[in-house]
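Next up: just one chain, as structure tokens, the form predicted alone.
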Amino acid sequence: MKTLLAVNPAKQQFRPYRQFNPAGFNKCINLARQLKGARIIHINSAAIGGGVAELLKNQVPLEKSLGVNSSWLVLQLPKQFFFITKKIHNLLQGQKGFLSEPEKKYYTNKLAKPGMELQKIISSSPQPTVVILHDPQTLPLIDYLPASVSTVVRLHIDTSSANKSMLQTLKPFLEKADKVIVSHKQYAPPWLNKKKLLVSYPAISPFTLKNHALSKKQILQLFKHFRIDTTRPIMAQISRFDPWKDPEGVIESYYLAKKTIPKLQLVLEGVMEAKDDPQAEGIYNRLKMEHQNDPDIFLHGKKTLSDTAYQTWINALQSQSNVILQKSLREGFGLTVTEALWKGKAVIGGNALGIKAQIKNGRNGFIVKSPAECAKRVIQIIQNPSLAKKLGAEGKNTVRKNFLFNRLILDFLKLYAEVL
């Protein structure tokens, strides 16, 4: 059984992005020509669910549309591997503890087989190659790459307060890379060679089902499916059930705000699709049990819609809600923030670096540090529609300038040209 599975996302065209930045678009065309004959291989741990899969399902086809030979491989490994990598993820975001020696051994040993498969893929065609390893799940694969291959590590998580022992364990892999990409300069390990570092923000596609404009009829049909009352105020967080996303803090904020807005409803949308996050189900089940008697809390962890309908539902939820939350304690970036800002919604974010890279407090949204502060902002936004509209307009402008795929593709094409 293969441990590296090829993923082939639907075709996309880069040409529509010309409208956002014609000069940048032309630079992309010229850089793509320079990369003719080279091969780009992205590797991550999940084909669906989570921000990395969301990025790659757009980035890879957009690179291909420019004539770049870009491909995407996903790890196929046992659940135990992902329990350990989830622990690594938590340690890198500041959790206390350490990875035991047996866990380290299992982590690295399980990547031996995909490492060998990767060697065969690379040796099958002697063209110049760049391999991009996304997040810690894939890091030890760097040991299997020949010296002729250019290697890039893309860390998507907030490592600004990383557990030092965990960072030290990963240090040999990171130091081997030609480039390390992070979403904030404060995520860079202090010992990393600054010449190897690239800060590049994630991005969204305005042309996907999740981000294009919906009719009122489409929105209402989906809310009816979930029995959520669109005539009453709604606050929503769209995020996996993860302790760093602070779902408990969101629920506490809801109860505090409900004292002032009795008809308030809360939607926590976190359908568990990502196989690399085994922690989510336990958190979802616990919250479901604790709040099952509140008819105004809607916890969604099980998928009841087709893939296409689910994307449309996320769009509808972001579009219809009065306020969108991403009350993360740690956040590498937060694409759900970007998506909501693009829809012109008022967004409240937690005091996390990745979110503060997008939200300027009081200008295009609010940054909060506690459930009480969050509740205060929820009330302020719901009771002041003109403020919500003003924040939303500024938020959409922020995304247009900084966080669409035309900018991300330009970042990566420059990177490929440099490392090759």
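This is a predicted model, so every value here is computed, not measured. One-based numbering along the sequence shown.
The same protein has a further form, the form predicted together with uridine-5'-diphosphate (UDP), not shown here; the description that follows concerns it.
Can you say which of 258-266, 328-336, 175-183, 139-147 gets within 4.5 Å of uridine-5'-diphosphate (UDP) in the predicted bound form, counting heavy atoms only?
Partner-contacting stretch among the options: 328-336.
4.5 Å heavy atom contact, residue 245 to uridine-5'-diphosphate (UDP) in the predicted bound form:
The answer is yes: residue 245 has a heavy atom within 4.5 Å of uridine-5'-diphosphate (UDP).
Given that uridine-5'-diphosphate (UDP) is not shown alongside this chain, does residue 52 nevertheless sit within 4.5 Å of it in the predicted bound form, heavy atom to heavy atom?
Flag for residue 52 set to yes.
Is there a non-hydrogen atom of residue 270 within 4.5 angstroms of a non-hydrogen atom of uridine-5'-diphosphate (UDP) in the predicted bound form?
Yes, contact at 4.5 Å.
With a cut-off of 4.5 Å between heavy atoms, is residue 314 one of the residues that contacts uridine-5'-diphosphate (UDP) in the predicted bound form?
It does: once uridine-5'-diphosphate (UDP) is placed as it appears in the predicted bound form, residue 314 has a heavy atom within 4.5 Å of it.
So uridine-5'-diphosphate (UDP) isn't shown here. In the predicted bound form, which residue out of 82, 310, 187, 298 has a non-hydrogen atom within 4.5 Å of it?
Flagged contact: 310.
Contact residue in the predicted bound form, chosen from 133, 238, 250, 323 - any heavy atom within 4.5 Å of uridine-5'-diphosphate (UDP)
By the 4.5 Å criterion, the partner-contacting residue is 238.
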